[in-house]
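The chain below stands alone, shown as C-alpha cells; this is the form predicted alone.
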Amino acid sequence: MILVTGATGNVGSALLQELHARGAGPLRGLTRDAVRASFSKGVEAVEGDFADVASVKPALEGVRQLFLVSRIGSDADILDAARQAGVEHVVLVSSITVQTHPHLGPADENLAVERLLQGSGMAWTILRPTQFASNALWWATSIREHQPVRVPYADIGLPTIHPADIASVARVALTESGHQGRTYALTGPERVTARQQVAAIAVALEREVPFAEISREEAHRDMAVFLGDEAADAVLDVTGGDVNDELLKVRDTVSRVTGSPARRFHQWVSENAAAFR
C-alpha cells in the first residue's frame, strides 16, 4: 500500500494519477475532506489532518510506502507514527534551498525534517525541488482582473520545475529499486524569468497581460501580509535577491531518473491557462 499525503495538491494529485495509470496499487490519498476528493476510481480517499497526528494513524494502517509533504504538522510525530505502523520507505519533498541557502530559516527547517527521516530507521528518498511552475498561480487573481502582475527581480531566471516532474520522480522512487538513500535536486530544463513567465501566460490567453517590476521593499510589504516577515525575506532572496550558481544550475535529474525530459514552463501554462481566464 502506498499513501500519498498532500493528495489534492499540485504534486500529490499528479503522483496519484501517475501511480494509478501505471497500476501501482493499492493506493491511498490523504486529504482533510475525503467526501470532496475526486480521485481516480480505485484510489482510496482517507481523511486526516497533520495538525492532529492521531487522525492520520488510521490512514497509515497497512501502508509500506509513504509520500510525505512535510512542515504541515509535527513531522517528528508523523514519522514516528509511520514507523510504528510498519512503513518501510518514505519519499520526502524537501527544498533545494537546503543546499543553496542553508542559512535561511525555512531551509533549516527542511533540513531538520530530512535529518529526522534519515534517523527514523525507515528507508528514505529525499526530493529537493527548486521553484514550482505552479507558483505562477500567485498572479492568477491579478491576471483575471486585468491588473498588472507586480514582481521584483523581473529578469532573473530560475530553472522552474513542473510539479508533475516532481511527481514523476517520486513515482519512480516509490515503485522502482535503486532510489533508497538517495537525495535528488530537481529543476526544470531551462531558466525562466518572471517576465518570460508572464509573457507565456499572455500567449496562452491571447491577450496582453500588464506587467510591472517593483522594488524589493514593495514586494516585501505585499508578501509579509500572508507569509510573515521572515518567510517573505526568504522568498525574495531565493527568487532574485540572493541567487547563486547552485540555485541557478539547470540539472538533468528528472530525465536521468524518469527517462523522460523535464517539462518546460510553457507546458504548465498550456495545462493551466483556465486558472488565469
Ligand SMILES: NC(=O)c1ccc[n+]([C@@H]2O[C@H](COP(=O)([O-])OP(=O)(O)OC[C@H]3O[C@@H](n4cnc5c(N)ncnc54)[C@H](OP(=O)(O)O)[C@@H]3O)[C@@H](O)[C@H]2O)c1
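Bear in mind that the values here come from a model prediction, so they are computed numbers and not experimental data. Sequential numbering from 1, following the sequence displayed.
Although not depicted, the form predicted in complex with the named molecule is the subject of the following passage.
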If we define contact as a non-hydrogen atom of the residue within 4.5 angstroms of the partner, is Arg221 a contact of the named molecule in the predicted bound form? no
Contact of Val254 with the named molecule in the predicted bound form (heavy atom, 4.5 Å): no
Please tell me whether any heavy atom belonging to Asn135 falls inside 4.5 Å of a heavy atom of the named molecule, as the geometry stands in the predicted bound form. yes
Is Gly9 near the named molecule? Define near as a heavy atom within 4.5 Å, in the predicted bound form. yes
Choose from 122-130, 188-196, 202-210, 140-148 the stretch whose residues reach within 4.5 Å of the named molecule in the predicted bound form, heavy atoms counted. 122-130
Sole residue of Ala54, Val225, Ala51, Val35 within 4.5 Å of the named molecule in the predicted bound form, by heavy atom: Ala51
The single option of Val69, Ala231, Leu248, Ile214 touching the named molecule in the predicted bound form, heavy atom within 4.5 Å: Val69
